[in-house]
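Next comes just one chain, in structure tokens: the form predicted on its own.
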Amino acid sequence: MALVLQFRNVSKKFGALAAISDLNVDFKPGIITSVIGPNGAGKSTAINLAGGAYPLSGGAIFLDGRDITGLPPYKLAQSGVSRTFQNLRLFEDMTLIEHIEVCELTRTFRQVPLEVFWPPAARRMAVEREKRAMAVLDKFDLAGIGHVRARDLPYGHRKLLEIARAIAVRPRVLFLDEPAAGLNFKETRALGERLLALRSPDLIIVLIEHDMDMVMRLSDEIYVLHQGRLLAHGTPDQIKGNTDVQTAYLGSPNDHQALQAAARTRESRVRIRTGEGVTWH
């Protein structure tokens, strides 16, 4: 079976709230697939389900036909699932190189005894590990500041470092949760070019992003969620022309008329303060 990540009848409830309902989507390699929708649509919840942060309330998730439902995050990482976060999660006192080297160690853990007990091997392995880390950082133009600590980086570089770290584990699935949040226009354009360069036949890239210009420029396919359900799926041009998507984002004419009527009603009401509080008339 070709590499594919599948959600099958996936649902997630938080008490009485259905955050995701009966979701069926396929994420394929070699392209960038975006998941968009209004606030509260269930986009980040879907990533958290695939990344093992939340247990599913129903359905299943498959990678290469293998059921990965319920696996803990570290097992999912071993299976090739990597991600970034809306809120940065960096090791503030570690350098950029050290951030990437940590990922290298997770793949070469069995060589640790050799590195501990044989100094010549330790020196050679350390040099090779740093070389590989610098190669990853170079993809994001960060190699020149590899020895800088994360806490001393400007915000735009911090965002790039988190993506570089996610790539360093050589994932099969990469979830990017709002990577452009907080970036200026120039930084966002540069980030987009770097993400396009990451496309590979061996990598599934899933982008969650509110910047619609970025989504439309980068995406090969788009899934639109609304109130936890799949609303639409298609190319950027198909999504742009979808009236259901336009209504979900902008509201219908009836919604606009209701808001205008409510505003007029509120403007016409007069507050009267009494000894028992404020009343409206």
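The first residue of the shown sequence is 1; numbering continues from there. Everything numeric in this text was worked out from a predicted model, so none of it was measured.
Omitted from view is the form predicted together with a small molecule, to which the following refers.
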property: Contact check for 212, 238 and 249 against the small molecule in the model of the complex, heavy atom at 4.5 Å; result: no
property: Interface residue in the model of the complex among 38, 59, 29, 52, criterion: non-hydrogen atom within 4.5 angstroms of the small molecule; result: 38
property: In the model of the complex, the residue from 242, 69, 45, 33 that sits within 4.5 Å of the small molecule by heavy atoms; result: 45
property: is_contact(residue 17, the small molecule) in the model of the complex, heavy atom dist at most 4.5 Å; result: yes
